[in-house]
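The chain below stands alone and is given as structure tokens, in the form predicted alone.
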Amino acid sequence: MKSAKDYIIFPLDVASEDSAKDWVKRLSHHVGMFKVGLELFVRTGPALVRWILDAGEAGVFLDLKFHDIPATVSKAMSGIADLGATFATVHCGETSAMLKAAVEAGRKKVGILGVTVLTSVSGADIREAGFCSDYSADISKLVMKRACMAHAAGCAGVVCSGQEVAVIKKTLGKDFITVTPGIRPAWDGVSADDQQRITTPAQAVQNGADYIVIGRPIRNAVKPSEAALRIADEINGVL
């Protein structure tokens, strides 16, 4: 059975390999996965992904958000597939052909997740980007449209906010994976920072989230490992 800590993905949003490795050593027994994003991957490359996987039981969520023509995405994902990451991300912002190319190139070695709408994006941002009023007035409609696109393309799941998890699970099935950023624990005062659509760990998991991405409340804590344990306790309360 999946334990509470296995729901937690800790983002290695740091600029150096040494700092990333330090966080992995500190938290490897307290989280289920580490997220490697653009900043860190550009600086350290595939070697760090392999190091994390060799360092302990935690997996890797490779969040590079590919967004390019299908041929380019296919070639890039083919290389990612051999790294051993559990998940890798592709934007849902263009055609389904790009998503299908990523899925095919992943060769079932890595779960492809479609990024629906970033949790930092508001309705005003959607309107400014030129989307119709239906989507700017209710972002969940755009998230759902893109989730359906990802599902049809064969993606393992999507990245979405905790506010949209329940309807995605209801519509696309419990096996369609949802990874949820924009998480703020209840004891953290649910501070939004640069996020717009936030939920607590308990709310996200209750709604059906399979994984939650949570960084600052752990990273900024006096004792990060204790903060991670506290988040796991909050999750345990609803499992």
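All residue numbers refer to positions in the sequence shown, first residue = 1. Since the structure is predicted, the reported quantities are computational estimates derived from the model, not experimental observations.
Omitted here: the form predicted together with cytidine-5'-monophosphate. The next part is about that form.
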| item | value |
| --- | --- |
| Partner-proximal stretch of 179 to 187, 24 to 32, 201 to 209, 46 to 54 relative to cytidine-5'-monophosphate in the predicted complex, 4.5 angstroms, heavy atom | 179 to 187 |
| Contact test in the predicted complex: I214 vs cytidine-5'-monophosphate, heavy atoms, 4.5 Å | yes |
| Contact flag, V117 vs cytidine-5'-monophosphate in the predicted complex, heavy atom cut 4.5 Å | yes |
| is_contact(P11, cytidine-5'-monophosphate) in the predicted complex, heavy atom dist at most 4.5 Å | yes |
| Any non-hydrogen atom of V159 within 4.5 angstroms of cytidine-5'-monophosphate in the predicted complex | yes |
| Residues within 4.5 Å of cytidine-5'-monophosphate in the predicted complex, restricted to 61 to 85 and counted by heavy atom | D63, K65 |
